[in-house]
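Below, in structure tokens: the form predicted on its own, a single chain.
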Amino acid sequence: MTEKFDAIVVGAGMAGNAAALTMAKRGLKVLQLERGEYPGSKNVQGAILYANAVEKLIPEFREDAPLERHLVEQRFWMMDDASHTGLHYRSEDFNEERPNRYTIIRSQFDRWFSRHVQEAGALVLCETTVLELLKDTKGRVIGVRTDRRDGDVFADVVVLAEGVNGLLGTRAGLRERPARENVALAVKEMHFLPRETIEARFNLKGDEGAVIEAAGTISRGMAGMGFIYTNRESISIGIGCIVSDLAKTGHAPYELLEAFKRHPSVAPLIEGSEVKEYAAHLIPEGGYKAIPQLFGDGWLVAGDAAQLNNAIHREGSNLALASGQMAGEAVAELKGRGLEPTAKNLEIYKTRLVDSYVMQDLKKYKDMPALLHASSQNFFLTYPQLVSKAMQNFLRVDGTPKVEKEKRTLRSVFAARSITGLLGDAVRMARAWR
């Protein structure tokens, strides 16, 4: 390919599509490269889509996007091996004309998203692997080398939206490979059931959806969570844990998933289902302190590749969309002003991120990932077991005086965690949360 582009986008996920669409709409000549057979071909999992971030890019997206269910209910479960204690929120307000959250199947949604990118004028090439970044004698990125014949392609700027484990940026020395303690490995299955069965089991009607997020002994003392999403005719169910914990303990992710599926609180929800898809993917979990260099001479990084994921609120797609859009806006602004995409000029991308909710939210929870990782045995094993014992004592009526039950509960708590330990955990959690 001999022509030169204004921008090359590597990756056709949420961040890559957002960046390519934003620049193409502003009249830039954009090339987007995706190694999969088609955009989304490697994303077989279900996920949650946050409408606000999509509306800013495609205001009318609800008219034809492949949306599964709009979410009206959120459940949080703290689990031990035989029970769960839950926080449950459901609101009729979520049955609004323009719902706030949806479940989606990424393989379908990404393909739909890419059509809008192409309609805006971007050239999208799939089944194309980017092997390395091309640089000039001063070290400025000037294009990419692909696995196609005569595959060197040149551009003023390259947007890296290659995912959390993308090797392109690390090979080029633009950032370090993510540390194992900053990445989670999640495994997920798609369980297919008749639509009416899903609605009956989750107390839903029409296109209503529900989400369950679970923590506790299901992660065997590692920092991790389980999740269940309702789609129209399927249920996405999975579990993810920090990679360094998996390596240290030797637990296999698929074994954790099988145990989660057999849990007495989960098994009835998927009983009789047919499993048609299984996927594993990496999720950035390091938070604010793990964010790498975001820009340089001739390049930007967005989405998961930039560690932009709010693990506390389980927000990833909206941060990817927002960062991709801001990257595209930064490039388009420089182009419109006739400025070169030097590191100094591309700093406007970081400025936009810092001024947005993306960085502000991540900064708020900057200490939370380290706390949960360092104290995973307490938060994901000890406390869920203590909560279950406390609920058993509270709810059982067996002739034992309530005073004795309270003493029994307190004894079990202090046996597991001293007063000093309890206070220390509470203070550290409060500091990390604020």
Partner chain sequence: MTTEPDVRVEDKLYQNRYRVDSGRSHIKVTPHETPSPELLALVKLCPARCYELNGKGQVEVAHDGCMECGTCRVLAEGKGDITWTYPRGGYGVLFKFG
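Values in this document were obtained by computation on a predicted structure and should not be read as measured data. Numbering follows the first chain given and starts at 1.
The same protein also has a form predicted together with the partner chain, omitted here; what follows describes it.
Which of 287 to 295, 249 to 257, 338 to 346, 202 to 210 lines the interface with the partner chain in the predicted complex (heavy atom within 4.5 Å): It is 249 to 257 that comes within 4.5 Å of the partner.
Partner contact for residue 101 in the predicted complex: the partner chain, 4.5 angstroms, heavy atom: Residue 101: no contact with the partner chain in the predicted complex.
Contact label in the predicted complex: residue 277 to the partner chain, heavy atom within 4.5 Å: Yes - in the predicted complex, heavy atoms of residue 277 and the partner chain come within 4.5 Å of each other.
Partner proximity in the predicted complex: residue 64 to the partner chain, non-hydrogen atom cutoff 4.5 Å: No - in the predicted complex, heavy atoms of residue 64 and the partner chain never come within 4.5 Å of each other.
Proximity of residue 128 to the partner chain in the predicted complex, heavy atoms at 4.5 Å: Judged by the heavy-atom cut-off of 4.5 Å, residue 128 is in contact with the partner chain in the predicted complex.
Listed residue that, although the partner chain is not shown, lies within 4.5 Å of it in the predicted complex (heavy atoms), from 353, 190, 141, 330: Looking at the other structure, the residue within range turns out to be 190.
Listed residue that, although the partner chain is not shown, lies within 4.5 Å of it in the predicted complex (heavy atoms), from 225, 134, 312, 243: Contact with the partner chain in the predicted complex is made by 243 alone.
Members of 171 to 195 lying within 4.5 angstroms of the partner chain, judged by heavy atom, in the predicted complex: Sequence-ordered list: 171, 177, 178, 179, 180, 183, 185, 187, 188, 189, 190, 192.
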